[in-house]
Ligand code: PLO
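Below, in structure tokens: the form predicted on its own, a single chain.
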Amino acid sequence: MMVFHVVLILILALLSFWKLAQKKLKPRLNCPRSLPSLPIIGSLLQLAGHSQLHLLFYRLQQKYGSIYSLYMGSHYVVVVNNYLQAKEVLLKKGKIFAGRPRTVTTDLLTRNGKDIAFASYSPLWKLQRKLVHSALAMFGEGSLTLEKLICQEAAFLCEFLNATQDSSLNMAPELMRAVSNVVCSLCFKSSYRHGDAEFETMLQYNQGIVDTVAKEGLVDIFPWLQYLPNKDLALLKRCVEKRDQLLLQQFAKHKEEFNSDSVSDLMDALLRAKLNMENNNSNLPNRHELTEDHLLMTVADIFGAGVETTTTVLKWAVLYLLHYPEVQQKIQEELDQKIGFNRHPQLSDRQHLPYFEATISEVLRIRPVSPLLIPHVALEDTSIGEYDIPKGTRVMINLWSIHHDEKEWNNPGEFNPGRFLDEYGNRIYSPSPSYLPFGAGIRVCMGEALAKMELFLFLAWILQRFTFTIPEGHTLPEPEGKFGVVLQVPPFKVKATLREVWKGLAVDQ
């Protein structure tokens, strides 16, 4: 009986504390309408059983409006589903909302926030981002050097498809290898070939990271759960350890061979920047805090994000071309007409291939690679529209809702490249201001220019020569993604067949 009374008193105390905390959080504030919440667990009962959070948040608009709030445990979260409010967060008040939440899984991935994507806004973060931009500029984002690099990998990809044509093929590993090699060349001046054991290791640890990081799982909501047995957390630790082993090998090699007069990749550029800061009496704040961990995590960020996101979009593109063979045929007709059969596509062809470019844009709209952008955190008391937003609030931008807004897009669930073309067939780069495939503002995707180059060149090279069809005896999955740090594509098989017009033709590389 005594135990019962103690438990009852504790429950009443918790309820009282919860009510007091809510009053303190919102004293006379005009906050967005909130989902029901309970002490300790917050609104988790409302989310239980819904693994596709972006779709749930999309549907909840019908009851709560385009902006509403909820509690994930004790964390106060505001969900934004409208592009006007999203642009206020990302652009108008970008620096105010430039914080990031600290979570168990992202801290493990980034050595406690020493990367760029998951680190909060700070002078050191600005410096890291500036260094990466400088390193990319070294290759001239769009220069012949980078184009040649991507085209080389596109040629290897076409050779593989030619050798395996008419067979039932899982293209995912080969697409990832091609994208990986571009990023590897940028980061390490290295690459992988078919059957490379290190690449197979990278595939495994990368999938483990994608499956476990930043999914709003219970361990990120209740950090104390990390001290209990947890299969996902154990998997993430193993995958991060494997990733770090490969990174440290490259880092040790670069440090040993480093020559500040001969910088040829991102890791060299970061090492030189650190050396310059230590030697040149820099006036930049926090200059002594740019540790080797920061360099490693910056490279890990560029490698991880740059590979997974672009590969995911390529897989979505192939899946949609299988679902819509008439779109594939129209792209090939445009390629034949504008490029012909004597050479391969080049970046300069983009302006002459409006339908092909429109198709890529539509893939990015209908299946945004990151349906819920990485959460932002308000660094001070502020507002979104008419609503007050207290400091520390986590803000989720539901890009899925924004890209499927019926007020902005006609039949948004329909795959229609034509929405990115005018009545004369000319390209419309943004038919709606709600088109934000790479985010916006100071935390916009750093690899946007590189990703656009890769998407265009890889797909153009392949579709110029090969036609995708569904292998006999295989069923094509519906294009329903799996929610995570990226919107994962369902597994599928494809048959790549060399087009008749290309049989026997030799093309200059």
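All values reported here derive from a predicted model rather than from experimental measurement. In case it trips you up, residue 1 is the first one in the sequence shown, and so on.
Form predicted together with this ligand: not shown, discussed below.
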Drop this ligand in from its pose in the predicted bound form via a C-alpha superposition round the site, and with the 3-atom, 2.4 Å backbone or C-beta test the pocket comes out open
The listed residue (E334, E362, D265, E308) that reaches within 4.5 Å of this ligand in the predicted bound form by any heavy atom is E308
Answer key: of A358, V213, A317, V89, within 4.5 Å of this ligand in the predicted bound form (heavy atoms) is V213
message: in the predicted bound form, is there a heavy atom of this ligand that lies within 4.5 Å of any heavy atom of D349, even though the partner is absent here?
response: no
I'd like to know whether T103 contacts this ligand in the predicted bound form, with contact meaning heavy atoms within 4.5 angstroms.
no
Does this ligand get within 4.5 angstroms of any non-hydrogen atom of G304 in the predicted bound form? yes
In the predicted bound form, does W400 have a heavy atom within 4.5 Å of this ligand? no
With a 4.5 Å heavy atom cut-off to this ligand in the predicted bound form, the contacting stretch among 369 to 377, 269 to 277, 406 to 414, 125 to 133 is 369 to 377
Across 86 to 111, the residues having a non-hydrogen atom within 4.5 Å of this ligand in the predicted bound form turn out to be L109
